[in-house]
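Take a look at the structure tokens below, where one protein chain is shown in two forms, each on its own, as structure 1 and structure 2.
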Structure 1
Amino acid sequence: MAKVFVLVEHRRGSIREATFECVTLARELQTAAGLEPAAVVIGSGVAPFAETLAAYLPETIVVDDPSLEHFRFETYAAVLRDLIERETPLLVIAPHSAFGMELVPRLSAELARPCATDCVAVGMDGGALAATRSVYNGKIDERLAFAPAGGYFATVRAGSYAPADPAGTGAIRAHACPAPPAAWRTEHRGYRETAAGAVDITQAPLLLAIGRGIKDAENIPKAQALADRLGAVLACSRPVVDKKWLGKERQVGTSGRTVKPKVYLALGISGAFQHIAGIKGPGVFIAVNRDPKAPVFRAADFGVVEDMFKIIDALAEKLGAK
């Protein structure tokens, strides 16, 4: 039976949530196409990760070696090349992250296997694998057919699939680590945490987030006043930080903070995937944008097509703000 490999991304003692989203995709491919899913865990001292993944997939392949303590393309790619050549999986999937983008495109070129990156869906189309990608800032989805080949690679955008739940007890199989390169071209220098700043948006139950629609720094006090009246913490998308109107500690998204509030109110935010990926399961997601085709409405529970300033004024009046 053909296989689908899920490359497990882990960092500093924990498996990244995007891995469990890829597990969901692997299970769907098992149901739709009969592909046998297997997790691939690479690292040093990763037995606990393998035990965790065994509760999600029928098989977990673990490659554990001191030379794999830190992620390097040279060592991880050597393991994956050897494993892929021996196991010949039809598809190898990984999160669309720095981890996945460092490994997958380069391995695709080295092994001459077609690759699709930043996929929002991967499935079968007439008996062949196909991928869906979101383009033009999320306003258009494109369907791509893979060129015929013996195997394929794909990276999956965070948030495209719900994280999987445990589904039983699978087998764990060890795979020997190939000899490491004689000399490494990269060096792990450690981890650097982003400064916490004056606020911690990751702990806020209610977030009021502003985007490009705020237009000017002079309008931010109006949004801050509304946030204060609501008992919310003011957050933002990347364009606001890039203009230095708010600090990076308030940025939600893949290059900012990941948040999980009870209520997320997005004002004037288009909804680029980099922003949406930073919002993990809010209780209620409310979006306000003048553009009825804004991608943010796909993620929101409730949407209002209106000028954000009219909504701010209406809410301020309702709350009795002066």
Structure 2
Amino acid sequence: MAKVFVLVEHRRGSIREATFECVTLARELQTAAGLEPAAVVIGSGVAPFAETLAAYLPETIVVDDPSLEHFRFETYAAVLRDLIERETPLLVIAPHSAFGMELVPRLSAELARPCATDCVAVGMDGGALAATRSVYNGKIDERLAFAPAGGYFATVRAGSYAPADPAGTGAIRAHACPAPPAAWRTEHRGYRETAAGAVDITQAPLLLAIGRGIKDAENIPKAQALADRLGAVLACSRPVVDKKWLGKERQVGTSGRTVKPKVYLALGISGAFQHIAGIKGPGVFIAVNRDPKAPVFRAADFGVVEDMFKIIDALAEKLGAK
């Protein structure tokens, strides 16, 4: 039976959540397409990860070698070229993360096996694999088929599938690490934290988050003043940090912080998945955006189609009158 591989993403001693979302997709494809799922764990001292994955999928393949301690394209690709050639999986899936983006597209080009990146769904369409991607800022969906090749790749957008629960006990099998080339051209030199700062948005019960809709640096004090009056902590989307209008420690999203406030009030934020993925927990999400088609309204509990500055002023007025 043809196989579907899930590339296990782990970093600094733990498996990343997105892996279990890919497990859910692999299980779906087992049902829909009869593919046999297997997890692929690559790293150094990763036996415990293999144990974990064995509780999720019928088979886990482990490639364990000191040279694989930190993820790098070069070392992982060497392993995967060898493994894919030997085992010819029909599909290899990985999270569309810093890991998946670095590893999978290039590997797919080298193996001439097409890759659909950032998929929100992968399934069968008339007997062949097909992927759905969200394009043009989440306003359009595109369906993609793969040109016939021996096998395919897909990277999966965070939050597209619910993380899987454990089910059963699978087999664990070791695969030998191929011999290294004479020289590597990249070298891992370590990690660096960038989001440290005085403000901790992860603990605030009320977050007022502003996006590119704030338009100009000179509007920031207005938002800060409203946050102060509300008793909220000011947070933001990435472009506000990129422009250096607020510090990185205030950024919500995949490359910023994950927050779980009781209320998240978003002004002028479009709702890119990298932003939405940073909002967790059972709290209520209110979005204000002047564009009625903004994808943020598909994630929020309450929506307001309005100029955010009118809402800022109206809120300030109400609070001032108290």
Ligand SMILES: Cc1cc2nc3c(=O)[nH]c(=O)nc-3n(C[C@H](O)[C@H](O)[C@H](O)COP(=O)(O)OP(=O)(O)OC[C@H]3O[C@@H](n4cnc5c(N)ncnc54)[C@H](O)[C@@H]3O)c2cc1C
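Basically, rigid core = biggest C-alpha set you can superpose within 1.5 Å across the two forms. For numbering, take structure 1's sequence and count from 1. Because the structure is a prediction, the values reported are computed rather than measured.
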query	finding
Form selected (criterion: the form predicted in complex with the named molecule)	2
Core-aligned C-alpha movement of residue 214 between structure 1 and structure 2, 2 Å or more	yes
Core fit, then residue 34 C-alpha moves 2 Å or more between structure 1 and structure 2	no
Residue 163 C-alpha relocation of at least 2 Å between structure 1 and structure 2, rigid core basis	no
Distance moved by the residue 239 C-alpha between structure 1 and structure 2 (core-aligned, Å)	2.8
